[in-house]
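What follows is a single chain, given as structure tokens, in the form predicted on its own.
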Amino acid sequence: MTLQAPQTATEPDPQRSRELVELGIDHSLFVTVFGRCRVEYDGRAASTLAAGDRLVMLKPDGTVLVHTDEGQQPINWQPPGCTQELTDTSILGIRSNRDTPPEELLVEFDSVDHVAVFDATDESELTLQGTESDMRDRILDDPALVEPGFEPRATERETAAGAVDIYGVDEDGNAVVVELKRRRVGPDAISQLRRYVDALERELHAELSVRGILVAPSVTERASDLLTQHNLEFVPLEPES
């Protein structure tokens, strides 16, 4: 079914709410419902969510998302491939079932403020810009972005601690581990870089000194302190937009 225009209702009565949601389910349309609801989940675990104002989204692929007023992640959800049906247990009840593994999500509305049904099709694919891969390519094209005299020797060099983004040597012949991050980073990135440096020091023994350089747009104050504490270095570099 193709809708000529979105079907919406503000403060609909129970019958209109059910009609719109049923329309969306029957014809694999995109449905949003905002109102006061309770949520029960039963499956690999069990959970109960008391009444609250929430946004419920039903996607054509069977996904169900229950959003609160906080955070970017849904508080309850069902993955693609689930089936939805209406229940008779409240003003508006929506049950989502998953076969494997068996899971059930039940959303029961005490009041409905808004319902919308859309025929939504997105044929575009996400194109990422400013990735760590882009940062790596920029440094390989212009090693001086790290420091003058830096000479890249390998990318994704394996160590006992994992793969190093860029491995190279400085103008004094010291081994250099370059770890790339496209966003502001905290202590975890420093710990990761230190593990790479330690692994290469063990691998190379006394053959070369090993320096660790973090390349990222910025670091937190705690991360900056850890860089100094572990004798690691930081080079600011913004990903290209």
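Predicted model, so just to flag it, every value in this text is computed and none were measured. Counting begins at 1, following the sequence as shown.
Beyond what is shown, the protein has a form predicted together with the DNA; the following relates to that form.
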Please determine whether each residue of Thr68, Arg194 and Phe234 possesses a non-hydrogen atom within 4.5 angstroms of the DNA in the predicted complex. no
Wondering, does Gly93 line up within 4.5 Å of the DNA in the predicted complex on heavy atoms? no
Just to confirm, Ser111 within 4.5 Å of the DNA in the predicted complex by heavy atoms? no
How about Pro80 - does it come within 4.5 Å of the DNA in the predicted complex, if we only consider non-hydrogen atoms? yes
How about Ile75: is it within 4.5 Å of the DNA in the predicted complex, going by heavy atoms? yes
In contact with the DNA in the predicted complex (heavy atoms, 4.5 Å), from 168-176, 197-205, 45-53, 26-34, is stretch 45-53
For the heavy atom contacts within 4.5 Å of the DNA in the predicted complex, list the residues of 96-119 involved, in sequence order. Thr100, Glu103
